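The structure tokens that follow cover one protein chain in two forms, given apart as structure 1 and structure 2.
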Structure 1
């Protein structure tokens, strides 16, 4: 074993041991089967057996090759169950960060209510259990951090039904890739973010700073703050770039062709259209885009602020 092995989370050693165990068993089976094949080729070739003969069954051998694989499978199953139970038993003192997923974005809500999305990633303190309730607003996604050996499906569930969950405890400082490991549509490969691990003092300083910056921006430009915290900019750019949805830049006052109940019609983007698109996103779909935006739990004041920000980007 590598004495310099420095696991990124508390799950690494258990998961890696299971994989190494399966790998070694597979190697032994490969060597054994290959060796038996070579032995059989030599012993029973035409030169050594010029006159073919039938081989009768051997009850002892049949029992052996039934019992040994069963023991190996149960052995592997035992370590797999131990690792799975560890991943499902969340420590009582774990910090909760809610994770929401949609096509094709992530949103993270911290204990103080701060919301961040795909671009910012998730930030956590090291050596602290992190409990992650997982919720999807559309299809099945999968929360996967390879370095932490953590992967769990993010499933859409009706209100009142408990969401799926996972947890981890990071033991290395740094930034680690976060993927969706369940194919969820044409832009599945773009559903990439980061988990940033800081020391506990640095995390608290980061959280305080991010919260203060958000509140400052919320006071100065609430619409812009909301498009960041609610994850709008994951699908709608502010510089004209075409993403999953239309860009906010130059949108207000623009003439668009939308599809309403399967019928194309031309509209001018105004406040009424924007409000309807936010509250009922499947009502009028801009032609050329997919109906992927979920309804957002926004107040009337928040909707008005977002519309004002979109108008600013069109001036």
Structure 2
């Protein structure tokens, strides 16, 4: 179970304090009101009390129950603001992990340039403030880690406008759910990943290992490495399973129907077609799929490497 009470981040204490403060006040009010209702229903039931009073009000009492709630809500307001300001003020020494969101994937870019996506999740060191600029390539998503009490919408912005951000500092080792909390289309509920919290040394070791693995793979099979780091595998499997997009397995040389400008046409998958599919995904839409593939920033060499890898998977 990933949702827990133990303070998993530095925000939990403030948020949960506010939560329990309001909770206690609410319970008191609710019990008071309900108790009084039940008492009155019994005591002043028409059988017990056939003669009602003609009481029309009581100014003193009304003043009391205007002033007391006013004072209480000001306390609640104050603590809410305190917790909130903490969430908005990022410590100077925070480490930056770029978060990118799209229908329906997450991508995380580490300070050394390593990129990982939904399937791997985000890995962070404990007790280190992490600054997260939040970029969306399509619609509004929302970055939500319940265990950390962190949430911020990932809003697509017009060119030149600063992206939203949030930050957190994990204080517990473990894996925690990361949800998309803003409806973003059919697979909104599948836009789920994890945040893995490691100790600082473990994190360093993990980062070195991953970076080295990635470089090794990049040297040996650059296409494969790129499909992982650029997030293609979030939508394309390599084993024939249908995800959001068609599988890469057996793709090269296959005959299939695509829709171009609303017209169906039969094509055979060759290099030119693959290149166009990757560089201008909106041009030809494979029949039976939605036009959801984002245009990803790739150089000509990178595309060529990916095409090699797709060919390999079709042998």
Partner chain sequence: MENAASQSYLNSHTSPKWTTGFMSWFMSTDHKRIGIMYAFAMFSFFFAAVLLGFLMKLQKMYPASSGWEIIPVEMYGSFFTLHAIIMIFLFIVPGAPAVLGNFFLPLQIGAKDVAFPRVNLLSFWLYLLGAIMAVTGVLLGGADTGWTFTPPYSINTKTISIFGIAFDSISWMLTAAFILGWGTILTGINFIVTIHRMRTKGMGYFKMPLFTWSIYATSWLQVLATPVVGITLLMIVIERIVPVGFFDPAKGGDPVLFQHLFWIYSHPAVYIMILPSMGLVSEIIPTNSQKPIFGYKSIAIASCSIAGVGYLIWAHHMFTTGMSDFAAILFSFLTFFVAIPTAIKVFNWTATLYKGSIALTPAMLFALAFIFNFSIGGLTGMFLGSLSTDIHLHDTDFIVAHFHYTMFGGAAFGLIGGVFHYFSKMSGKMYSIKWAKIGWGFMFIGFNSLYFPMLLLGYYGMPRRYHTYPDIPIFNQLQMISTVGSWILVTGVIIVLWVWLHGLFRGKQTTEQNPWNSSTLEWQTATPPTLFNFEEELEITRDPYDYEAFRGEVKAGTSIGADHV
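Numbering follows the first chain given and starts at 1. Basically, rigid core = biggest C-alpha set you can superpose within 1.5 Å across the two forms. This structure is a prediction, so every number in the text was calculated from the model and none was measured.
One of the two isolated chains is the form predicted together with its partner chain, namely structure 2. Put the two forms on the same core and the Cα of residue 203 is off by less than 2 Å between structure 1 and structure 2.
In the core-superposed comparison between structure 1 and structure 2, residue 300 has its Cα shifted by less than 2 Å.
Fitting the two forms on the rigid core leaves the C-alpha of residue 79 displaced by at least 2 angstroms between structure 1 and structure 2. Here the two forms are laid over each other by their core, and the C-alpha of residue 24 is off by 2.5 Å between structure 1 and structure 2.
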